[in-house]
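Starting off, we have a lone chain in the form predicted on its own, written out as structure tokens.
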């Protein structure tokens, strides 16, 4: 009985994990997050804990990468982030969100 319960718990986790793991591209295509004009992503709508967690993870990774690039090139991290914002906005697919210079969300 204990093995069965353990197996069911494992099966439940296997089934639940893919549904709960939200990717950046999926969140962008659903309009949940967008490319902010700061070089980071931000919540556009539906700020659930899962979306907030994704935003924090992606932005932490970006911040580390921006810092490394800034250090290598002896420039300010904000310069790197601003340039990244331009590039990331250009890569968005039709219908995905980005923030304009005034902070308004727009769809590509």
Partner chain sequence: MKQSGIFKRLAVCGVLLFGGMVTAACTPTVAVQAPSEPITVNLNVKIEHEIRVRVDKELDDLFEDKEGIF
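Numbering follows the first chain given and starts at 1. Everything numeric in this text was worked out from a predicted model, so none of it was measured.
The next section is about a form of this same protein that is not shown, the form predicted in complex with its partner chain.
Though the partner is left out of this view, residue 46 does not reach within 4.5 Å of its partner chain in the model of the complex, counting heavy atoms only. For residue 80, a non-hydrogen atom is located within 4.5 Å of its partner chain in the model of the complex, even though that partner is not displayed.
Mapping the unseen interface onto this chain, residue 53 falls outside it, with no heavy atom inside 4.5 Å of its partner chain in the model of the complex. Residue contact with its partner chain in the model of the complex: residue 25 places a heavy atom within 4.5 Å of it.
In sequence order, 65, 66, 69, 72, 73, 75, 80, 83, 84 are the residues of 64 to 84 having a heavy atom within 4.5 Å of its partner chain in the model of the complex; the partner itself is omitted from this view.
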